[in-house]
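The chain below stands alone, shown as C-alpha cells; this is the form predicted alone.
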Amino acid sequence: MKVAVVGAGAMGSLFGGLLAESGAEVWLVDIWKAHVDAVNLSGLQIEREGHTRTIRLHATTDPAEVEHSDLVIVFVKSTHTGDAARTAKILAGQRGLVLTLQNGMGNADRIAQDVDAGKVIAGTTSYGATMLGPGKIRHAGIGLTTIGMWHSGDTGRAGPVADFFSKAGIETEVVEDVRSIVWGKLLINVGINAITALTGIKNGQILDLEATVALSGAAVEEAATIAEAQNITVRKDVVAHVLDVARATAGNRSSMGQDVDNRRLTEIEAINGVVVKEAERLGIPAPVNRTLTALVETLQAHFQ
C-alpha cells in the first residue's frame, strides 16, 4: 500500500515512520522544509525510552511529487484542514481513501467537502509523539487506534486499513459508530487542553487542586450534554475517565499547551469552540466552554 501523510509533525511522522518500517511506501508531505530535508538526508529518527532508531522514507514539500496514493492520512492541525483536504483530494486520486486522526471535531466534515464523502475515514488514536527537531521525534505513548467510515456504517473499506495498521504494530480496530469515538476523544481534550494551555501546567497537575478538578469536570459535563442532545453515546463515567486520562498522562504537556508555549495558533476552535457552536445551535447553555474558548482566543491573539 502506498501512503501519503499530509502533515509531518510529531504524530504524522510517527505513523509514517511505523508504516514505512513495516515495508510500505510512505511519503511525508509538509511545508517545513528543514524537517523534509533532514528526513531525506539522514532518515527519520524515532526516540523511544532512551533508544533511537532511524527509518528511511520519502519526504517532500511538493505534493505533485508523490502522485496518487492508496491511503492519505491527514495529521495537520485543525486550523489547516481546509488546505490539507485540497491536497488530500489530489493525492488520493480516483481510488484512494483519506483518513483523519486529527484532534477536535469538524475535520472529517471539512475533508468531505473536497473528497468524496464515501472515501473519508475518521478515528482517534492513543499514540503520542513529540517533535524534537528536524528529522527527529520522540515516541511518547502507545494505545489503541479506532477508525470507521465517516458517512457510512459500512466498515468494509475501513477494514483493510485497520489490518494494514495492525500489521505495522499499530493496534487498530474498526467501529460502525465512529462519531461517538471521535466525541469521546473530544471530551478528553475539552477537559484537559484549554486548562493546561491557560495555566502552564502539565496534564496531571489538573488533579492537584479541587478547583481545577471541578473546572475540568464542568467543561466535560457541558460538552457531554451537547453530545447526548445529538444522540451521541457518551460513557456514564465520562468525567472520571477524563481525570484518569490526565492522571495516566501526568507528565505530558497537552498539544494545546505546547502550541501556547511555542506561541502558535491553537486548535481551540475545533475543541471547546465546537462545544460552544453546537450549544448555540441547539439552544443549550455552555458558559464554561465559552469562557475557556474566549480566554484561549484572547491569549493567542496577543502572541508576539
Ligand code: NAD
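The structure displayed is predicted, hence computed values, not measured ones. Throughout, we count residues from 1 along the sequence that is shown.
The form predicted together with the named molecule exists for this protein as well; it is not shown, and the discussion that follows is about that form.
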item: Region of this chain that lies against the named molecule in the predicted bound form, out of 199-207, 125-133, 173-181, 212-220 [heavy atom, 4.5 Å]; value: 125-133
item: Answer option from I55, A38, I31, A248, heavy atom within 4.5 Å of the named molecule in the predicted bound form; value: I31
item: Option touching the named molecule, based on a heavy atom within 4.5 Å in the predicted bound form, out of R157, K89, K167, H80; value: H80
item: Contact label in the predicted bound form: N103 to the named molecule, heavy atom within 4.5 Å; value: yes
item: 4.5 Å heavy atom contact, L18 and the named molecule in the predicted bound form; value: no
item: 4.5 Å heavy atom contact, A286 and the named molecule in the predicted bound form; value: no
item: Partner proximity in the predicted bound form: A4 to the named molecule, non-hydrogen atom cutoff 4.5 Å; value: no
